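Structure 1 and structure 2 below are two forms of the same protein chain, each written out on its own as structure tokens.
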Structure 1
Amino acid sequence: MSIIRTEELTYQYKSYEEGQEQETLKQALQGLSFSVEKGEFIAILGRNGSGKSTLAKHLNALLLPSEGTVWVEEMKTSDEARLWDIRSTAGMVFQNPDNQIVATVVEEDVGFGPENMGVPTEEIWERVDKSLKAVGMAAYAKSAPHRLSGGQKQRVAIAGVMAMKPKCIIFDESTAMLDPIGRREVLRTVRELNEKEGITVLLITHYMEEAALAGRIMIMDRGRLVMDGTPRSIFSRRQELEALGLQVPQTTALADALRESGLPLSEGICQEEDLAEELAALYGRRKEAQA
């Protein structure tokens, strides 16, 4: 069953430019139709201004379509009466951790969402405990958020979304401001939520190595959905990607260079471990043949 579905989703806005009498109509999203199945882990790629964030904001009713429809489970995002159900089903984590933390103690911050939803106090604490455990931050429940590292703050923000028991979480460049370890922490958390808790994940990113971890990649360009497939199938189409302002991960670039030099490696390898394993196996076979 699909958890998110869009049909001919179009979003346009008016823009007033200097020296022009009339406003112009800008098309941010143009006729997007796709569906996301429960439990999927999808990465969304595309250059700056391609419509990724605008799309994300449609998936929990922060924006409403100019034309077309978005469904979250069976709810239409335009149905105002269901707004809070929609937002607790599809949660969102943004780029800057400092803009998402409201309380002065970690556990209170995580409890903020469910409290606003009118969840009984007893249950709020249960949810806070469980969410902090899920992101590996239980030891920091009584800490002050401003004392935490960027990766830790971002995990607190994720716990805050978790506490609302979402079925789907949209990460809008949530690792862009983090250092390498912070990125790794957040990505591990994202993968665990997906694998262990069955939460559907949509990850918007500019890091190709992060997209390589997803089960499916969707690529946007000028407000349209232009590619949709597995990381392997996407990253084996290097020229098309480059035309869209994207790249293949360094791992894929290395595998491609080795294949061109005559090593029989498979196409679209995009994870470091996978490449190392194929190379080790190939090396073992060559040594055996020589012996």
Structure 2
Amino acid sequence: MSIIRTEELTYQYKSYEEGQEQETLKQALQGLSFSVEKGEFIAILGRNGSGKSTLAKHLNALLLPSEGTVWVEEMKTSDEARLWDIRSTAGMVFQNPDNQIVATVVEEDVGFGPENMGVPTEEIWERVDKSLKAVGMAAYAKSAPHRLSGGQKQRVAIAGVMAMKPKCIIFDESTAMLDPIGRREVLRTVRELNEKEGITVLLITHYMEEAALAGRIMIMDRGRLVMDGTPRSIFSRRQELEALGLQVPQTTALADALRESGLPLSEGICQEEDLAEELAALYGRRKEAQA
């Protein structure tokens, strides 16, 4: 059953350009129709200006379609009476953490969402503690958010959404401000939320290695959905990706180079473990043939 569904989603905005007397309408999204099943982990890719963030804001009613419809658990995002239910179902983590940090103490900020949802006090603090540990910020529970670095603020923002336990979490370039170690920690937590608790994840990112962790990849270009498939099927189309201004993960690039040199490797390999497994199997077969 789908948790998110769009039908012919189109979004236009007014633009005023220098030298023009009248406003013009520009299309950020053009006729998007897709569905997200409960429990999926989807990465959304696309070059700057492709419409990724605009799409994300439609999925919890921060923006409303100019044309078409968006449903979140069969609730239309245009239904103002269901706005709270929609945003409780689909949580959002933004690129800039300052946009969603509201309290003067870290632990209070993380507990803000659950408190507004009416969660019992004892459970709120359990969720706060668990969420801060998950993003590596437990030591900063009593700190003031404005004293944190940008990456630390982002971890707090992510913990705040995690503490609300929504059915779906939309990450809009949310790891962009984290260092590699912090990014790995957060992604590990995201995968655990998806795999162990069944939370649906939509990860908007420009890191190909992050996208490779998803079960499905959607690629946008100029407001349209141009590719949709598994990581292997998407990353095997390297020339098409490059034409869209995107690169394949480093693991895929290495596997492609090895295959071009003559090794019989599969196309679209994007996980280090998968590449290692194929190389080990190939090495084993060669040793057997030499015996």
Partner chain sequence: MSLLLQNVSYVYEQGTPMENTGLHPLSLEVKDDEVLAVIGATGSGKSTLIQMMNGLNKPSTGNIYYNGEDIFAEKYDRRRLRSQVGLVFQYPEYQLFEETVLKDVCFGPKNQGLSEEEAIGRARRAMRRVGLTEDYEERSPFDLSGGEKRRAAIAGVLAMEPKILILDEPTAGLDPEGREELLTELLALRRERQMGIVMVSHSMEDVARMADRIAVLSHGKLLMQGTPREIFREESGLLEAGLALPAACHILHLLKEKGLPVGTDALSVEEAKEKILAAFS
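Take the two forms, find the largest set of C-alpha atoms that superpose within 1.5 Å, and that set is the rigid core. These numbers come from a predicted model, not from an experiment. Every residue number counts along structure 1's sequence, beginning with 1.
K.L.:
Which number goes with the form predicted alone?
P.N.:
Answer 2, the form predicted alone.
K.L.:
Please identify the hinge among 136, 165, 244, 112, treating the change between structures 1 and 2 as motion between two rigid parts.
P.N.:
Hinge located at 165.
K.L.:
So how many degrees does the small rigid bit swing against the big one between structures 1 and 2?
P.N.:
Rotation of the smaller rigid body relative to the larger: 21 degrees.
K.L.:
What Cα shift, in Å, does residue 159 show between structures 1 and 2 once the core is superposed?
P.N.:
Rounded to one decimal, the shift is 3.1 Å.
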